[in-house]
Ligand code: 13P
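Have a look below at one chain only, the form predicted on its own, in structure tokens format.
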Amino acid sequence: MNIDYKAEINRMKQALDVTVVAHFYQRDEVFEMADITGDSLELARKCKADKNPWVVFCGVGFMGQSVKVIAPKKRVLMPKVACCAMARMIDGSYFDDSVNYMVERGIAKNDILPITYINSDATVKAKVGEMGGLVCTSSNAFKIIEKGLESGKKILFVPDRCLGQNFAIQMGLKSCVIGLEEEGKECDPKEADIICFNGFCSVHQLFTLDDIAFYRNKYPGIKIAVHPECDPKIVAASDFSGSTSQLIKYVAELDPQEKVAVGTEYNLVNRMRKGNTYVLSSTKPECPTMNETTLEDLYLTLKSIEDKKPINEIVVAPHTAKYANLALERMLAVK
């Protein structure tokens, strides 16, 4: 039997008390079916404020978890519980190891303030929350780190080293990366303001200085705009660095005739201003896990609600939810 997935999805969206949510990196056909779209910060805020009891979240696992944590009464389903590669780089034990690394080098545990990028599992967010720390996104990392520094403590930033390093540079602070030998020296927490975990986004590591040189040579005067998950050398060689939403705004405000090459996920760049906007890569920078969700998956998830047999429901243990929520609420309270 042939099923018109779009028609059926629209029918069930009208019939059910459900909100379909999609991150900017989702494939076009899924993104177009969403009621709420955005980057991580926008989605966290909008989902919390949404009135429907059911959320179908098209994204990766930590995003669905975050909605469940800040809105525990909602039933959160995911068409695919895909796992962000960066989020998989750190778990509770690796977080504890990072704290111990700092303690063993003379920093008292009470003098450490952890900040976790939202691209992390709820168990990591919970450990951060228990230590009085906060969550951040690429949109608000500057404000969150600035707020954290008011405590006078050392910042432990997990899991994305690039984001931590780039914001340290932007703020005129010193950073180091645990486990990443630089110039023959190990990371000394006493000499740094921000101590970073050695995690990264595999998609944003694809962009190189050669890519930038190629576009600058081919199109003199072209603008280069990249995400702060890129390596600091890439950010330094660019004209603009910003979160997903900030990149969209930057490109939209350019003169339509001005050329720009954008260093972030392919699906997003492909939906930007047509004609003079280019993907800053010789290969297709497509996030494999963000692209796992299909129209059929979305249809089947909504159908499971209609049939009263929900699938792929996100569940977070009470202790984890309690402290992860603290970390997320601290983030949302920073204006």
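Just count from 1 along the sequence shown to find any residue number. The structure presented is a predicted model; accordingly, all values stated were derived computationally and were not measured.
The same protein also exists as the form predicted in complex with the ligand; that form is not shown, yet it is the one meant from here on.
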Open item on the list: By the heavy atom within 4.5 Å rule, which residue out of S241, T244, S98, Q165 makes contact with the ligand in the predicted complex?
Closed with: T244
Task: the ligand contact in the predicted complex: H204, any heavy atom under 4.5 Å - done: yes
Open item on the list: So, S175 and the ligand: in the predicted complex, are they within 4.5 Å at any heavy atom pair?
Closed with: no
Task: 4.5 Å heavy atom contact, N119 to the ligand in the predicted complex - done: yes
TODO: With heavy atoms only and a cut-off of 4.5 Å, decide whether M63 touches the ligand in the predicted complex.
DONE: yes
TODO: Choose from 98 to 106, 149 to 157, 224 to 232, 70 to 78 the stretch whose residues reach within 4.5 Å of the ligand in the predicted complex, heavy atoms counted.
DONE: 224 to 232
TODO: Sequence order please: the residues of 8 to 45 with a heavy atom within 4.5 Å of the ligand in the predicted complex.
DONE: H23, Y25, D39, S40
